[in-house]
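The chain below stands alone and is given as structure tokens, in the form predicted alone.
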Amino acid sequence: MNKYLVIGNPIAHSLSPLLHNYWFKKYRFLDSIYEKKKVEKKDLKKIVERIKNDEVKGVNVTVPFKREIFNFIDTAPYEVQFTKSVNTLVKENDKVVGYNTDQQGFEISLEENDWDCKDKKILIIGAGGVTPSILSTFIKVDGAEKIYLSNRTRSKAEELKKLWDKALGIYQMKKDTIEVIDWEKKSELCDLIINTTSVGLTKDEKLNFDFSDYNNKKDVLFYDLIYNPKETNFLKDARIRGNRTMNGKMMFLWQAHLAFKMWTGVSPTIDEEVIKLLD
């Protein structure tokens, strides 16, 4: 039996097994199974060794280990070496390679929602493992005009800003594109507000940012990368204010699509049946 895993902590919310096992069955990979596994930081090296030993064929990595796992893989494409953010592990030529399908999945999800980042102002809440991939979408020619970055531990956001400041010449962006602001401090009005944190995975969790200035701003998009639950308090409050809202379901589907293709060579269809599977 070919075993695939998604690892993280927490992991109970993950719908990756539901999706990948659906695709395994649909495309007749009857000797393959996908499971979720709650792990600790100390377990990451062993996970990579299991891939090397062919005990596990492929792994997805979720919060909070997308950056931690980078320390244990053998190699990665340039963009992953730069961001040190990994969400997919594949064995190639006896080496464990770390990829990241989050960035492309996120970008496709915005395109499908008819949202263009050019000349827009963006607030990103959180500076964890997925945030470098999100930034990759906006730090480019004809990209965002301004990006505000806020994290509970400010130093982590400052580290990300320094990382991208080094690459601004490559992306032809001006140096002050990214601005770090204090946690829960107001920025100027933005066109897109993204929650990249895990706040909202449980029912009573809530971000305490003051978004009262966004009342009846119908063109402002509030995007929560969380897809389960379907509507976090972050999105519920935005909907009540009259803002556009979007959860992480389509990003999740597209990043999974890309990982599945890496592992099997099959490009799975994302249709209404698959979308409803996650509801």
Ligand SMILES: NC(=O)c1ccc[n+]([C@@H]2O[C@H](COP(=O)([O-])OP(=O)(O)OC[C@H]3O[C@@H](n4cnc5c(N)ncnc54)[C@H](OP(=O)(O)O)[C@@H]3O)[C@@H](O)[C@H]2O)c1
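In this text, residue numbers run from 1 along the sequence as written. Because the structure is a prediction, the values reported are computed rather than measured.
Absent from the display: the form predicted together with the named molecule. The rest refers to it.
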None of S198, S187, Q104, T177 but one has a heavy atom within 4.5 Å of the named molecule in the predicted complex; the exception is S198
Heavy atom within 4.5 Å of the named molecule in the predicted complex, from candidates V220, I226, I51, A238, belongs to I226
Among 89-97, 124-132, 110-118, 76-84, which stretch sits within 4.5 Å of the named molecule in the predicted complex, heavy atoms only? 124-132
Hey, in the predicted complex, is M246 touching the named molecule, heavy atoms inside 4.5 Å? no
At the 4.5 Å heavy atom threshold, is M251 in contact with the named molecule in the predicted complex? yes
Can you check whether R152 is within 4.5 Å of the named molecule in the predicted complex, heavy atom basis? yes
Is K140 a contact residue for the named molecule in the predicted complex, using a 4.5 Å heavy atom cut-off? no
When the named molecule is placed as it is in the predicted complex, are H13, K66 and W183 each within 4.5 Å of it, taking any non-hydrogen atom of the residue? yes
At a 4.5 angstroms cut-off on non-hydrogen atoms, which residues of 70-87 are near the named molecule in the predicted complex? List them in order. none
